[in-house]
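Presented below, as C-alpha cells, is a lone chain in the form predicted on its own.
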C-alpha cells in the first residue's frame, strides 16, 4: 500500500517531521511518500494562505494518481482543498483535522484544540461545525506563535504548547487534546506522557485511517459531488489543471 502524505506548505523541514511521524505509525506493508508542493506559502496561517495552497495540493494529488498511490493525507489542520482532492483521487483522502477530531471523539466525551495563531481559530471553528464535532469540542485555544517557530529548536514553542494543554485540561472540561497544526506532529507522545491524557496528532491517526479504508477496499465515492471533475478548458495560468480525460467510475 502506498500513502502519499502532503504537507501543503513548502517548508521542507516540516515535511520531514511529518514524514517521520507518518512512517513511525505506518504498518510494515505501507510505503509513506511525503512531499510538499513546489509552489505555495511557506506556512499556512490564514484564509489567503490556505486558498493559495490548494493548487499545489491538487498538483500533488494529480501526480499521485499517475503514480498509483492508494490513499492520501492532507497534513494541514485547516484541511485545505480536501473535497477538491477527493474529486481528483480514486482512493481515500483524509485531512488531519477531520481525522484528529473523530479520533478524539472515540476516546473522550470532550476535547480541546490547541493551535498556533488566534486568527486561525475561526478556520478550526468552521471545521468543528462541518464535521459534526460541536458537541465534543470544548474549546479552541491558540498559543499565538507563528507556525515556523515550531521548526526553530531555540523557540519556547514546546513549553508554550505544554502550558496551554495543561490549562485546557484544568479549565475546559476536556478529556483529550487535539493538536491543531501539522507542525506539532512530533509532540503528541511526550505530551500524552507528561499530561496523562490522550494528545492526538492528526498526521498519525490520518495515516491509520487511510490504511484501514484502503485495506477494506473503500475508495472515494464517484457518485454525486465527489465524481471526477467535469472536463472543460481552463485558461491562463490554470491551463495545466484542466481535467481532460474522464476517469472510470469503478
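Positions refer to the first chain, counted from 1. Quick caveat: nothing in here was measured; it's all calculated off a predicted structure.
Unshown form predicted in complex with a small molecule; subsequent notes refer to it.
- Heavy atoms of every residue among 43, 116 and 181 are located within 4.5 Å of the small molecule in the predicted complex.
- Interface residue among 93, 76, 100, 177, judged by heavy atoms within 4.5 Å of the small molecule in the predicted complex: 76.
- The partner is absent here; in the predicted complex, the one residue of 137, 147, 82, 165 having a heavy atom within 4.5 Å of the small molecule is 147.
- Put simply, residue 112 is far from the small molecule in the predicted complex: not one heavy atom of it is within 4.5 Å.
- At least one heavy atom of residue 9 is located within 4.5 Å of the small molecule in the predicted complex.
- Of the stretches 61 to 69, 43 to 51, 189 to 197, 207 to 215, only 43 to 51 has residues with a heavy atom within 4.5 Å of the small molecule in the predicted complex.
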